[in-house]
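Below, in structure tokens: the form predicted alone, a single chain.
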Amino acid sequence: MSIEFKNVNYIYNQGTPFEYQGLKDISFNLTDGNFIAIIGHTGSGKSTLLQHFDALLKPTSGEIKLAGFDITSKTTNKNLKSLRKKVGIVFQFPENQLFAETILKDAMFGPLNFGMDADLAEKNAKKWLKRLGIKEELYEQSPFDLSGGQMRRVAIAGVLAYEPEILCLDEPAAGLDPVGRKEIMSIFKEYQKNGHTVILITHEMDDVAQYADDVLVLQQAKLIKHTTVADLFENPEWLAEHYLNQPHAARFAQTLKQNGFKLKQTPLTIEQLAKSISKKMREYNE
């Protein structure tokens, strides 16, 4: 079952002097099981869009179909708990949402809230805490005794512990060092490969190139492009026109080209860049 947005508009503070439009006539279809990146400048509507996936915000007009639900302006909150069991959101700086007295209880809250029995909730919480690098001897400590990066991992584990069908991420790796970013993003990619849909807001074009299958580009509350990763980065002029960067590997390849070392295809990841350079060097030596 695909995820469909059809002519979705969202207006903040409608009918007041502070009214402004957060989304303008957004339409797209997303394939279940894909890793989708949402990109665009600050204020383009990315977070507003993300909050429509679990009906934290409901369309002012238009329709959303996902996970067996139809969401419109008339949707009530009556059955949204079952929707939010299927659609989990990790907000930017999720460590700010920690509240329980111990790390384990915090990670168990989501599963228990959605009706999972206590034994399975504890099993899932421990599984994801371990996967996210939180040592077992810390489970009975307060989450507020952890470093900022560890707190974030606990908060993410709390969402993954109820294993939503659709995982929405609002810049979850913001502020992390490169090693931490790679660890976290690899976990999300693995989660997608195990049969889930992952939707990621990011400003990092390297993450888009490395992990995403397709991309939604927002600008001034409008969807201006829905395309594959390869097609997105095929046109550097379009990217520059919309103030979007190429991945580092593609920019390095462009520098090589300017110095007479042209690769047959533009690499999007460091791995692709290394392979392309190695292949080109072998051709020179033959």
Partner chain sequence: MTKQIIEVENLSYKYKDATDLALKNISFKVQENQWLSIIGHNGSGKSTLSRLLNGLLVPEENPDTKIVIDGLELNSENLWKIRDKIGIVFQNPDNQFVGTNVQDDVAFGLENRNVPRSEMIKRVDAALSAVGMQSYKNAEPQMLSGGQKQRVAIAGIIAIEPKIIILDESTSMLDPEGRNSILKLIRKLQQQKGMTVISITHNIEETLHSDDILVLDSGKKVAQGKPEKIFSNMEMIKKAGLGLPFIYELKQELSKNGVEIPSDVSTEEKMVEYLCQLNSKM
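No experiment lies behind these values; they were computed from the predicted model shown. Numbering follows the first chain given and starts at 1.
The following text describes the form predicted in complex with the partner chain, which does not appear among the structures shown.
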Have a look at 173-181, 127-135, 67-75, 191-199 and name the one stretch with heavy atoms inside 4.5 Å of the partner chain in the predicted complex. 173-181
Tell me, which of 221, 229, 249, 30 has a heavy atom within 4.5 angstroms of the partner chain in the predicted complex? 249
At 4.5 Å between heavy atoms, is residue 203 in contact with the partner chain in the predicted complex? yes
Can you check whether residue 261 is within 4.5 Å of the partner chain in the predicted complex, heavy atom basis? yes
Touches the partner chain in the predicted complex: residue 280 (any heavy atom, 4.5 Å): yes
Any chance residue 239 has a heavy atom within 4.5 Å of the partner chain in the predicted complex? no
Thinking of 5, 123 and 217 as the candidate spot, does the partner chain come within 4.5 Å of a heavy atom on all of them in the predicted complex? no
